[in-house]
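Coming up is one lone chain in structure tokens, specifically the form predicted on its own.
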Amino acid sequence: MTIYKVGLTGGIGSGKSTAARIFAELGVPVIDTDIIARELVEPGQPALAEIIAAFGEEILNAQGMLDRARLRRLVFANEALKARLEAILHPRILQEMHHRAARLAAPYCILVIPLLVETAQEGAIDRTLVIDVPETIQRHRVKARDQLSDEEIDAILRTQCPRAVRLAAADDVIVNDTDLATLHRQIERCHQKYLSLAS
């Protein structure tokens, strides 16, 4: 029996990680594509070898690990390089995500896919949950968390689909613009709904 898959997505700073943590606290298995992506580029992994072949040795730090900040700067400035990186990573990430989901024994699982809408992954999941937040709050959170400039935040937001497009793709929306208790309540409602859908 295949497990019911809920894709959790949202723009940068929307609170995807916090939402995923609350689902995990409720006993729901969570598979995070960002974590898979990090594992895929560890030393010795085939994906890292391909990235080095494409971008050169200068993409590594002194310890021989991928310099993620340098890579991010390179690809945000260059569409062709970004497409090249995605061609290396995205198929591997999806394959690993589905492989992990297939091994789970639970009514449903949460798949955290930040670029779910941008990479047209809706067909790979049963339901799309968007964590939504107004752009002013988004910018404030990202600035406080990552110490990025307005220009850097603009560059990241340009790589993500417009809020309206993401909301149009959603089956469920959680608005995360107040406090943790409110977020908890909304997630618990979704949890009950998904348990019933999965059965």
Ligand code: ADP
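Residue numbers here begin at 1 and follow the sequence given. Nothing here was measured: the structure is a model prediction, and the numbers come from that model.
Omitted here: the form predicted together with this ligand. The next part is about that form.
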query: Residue contact check: A24 to this ligand in the predicted bound form, 4.5 Å heavy atom; finding: no
query: Partner proximity in the predicted bound form: R38 to this ligand, non-hydrogen atom cutoff 4.5 Å; finding: no
query: 4.5 Å heavy atom contact, R70 and this ligand in the predicted bound form; finding: no
query: Touches this ligand in the predicted bound form: R145 (any heavy atom, 4.5 Å); finding: yes
query: Any residue of 161-195 that, in the predicted bound form, places a heavy atom within 4.5 Å of this ligand; finding: N176, T178, D179, L180, L183
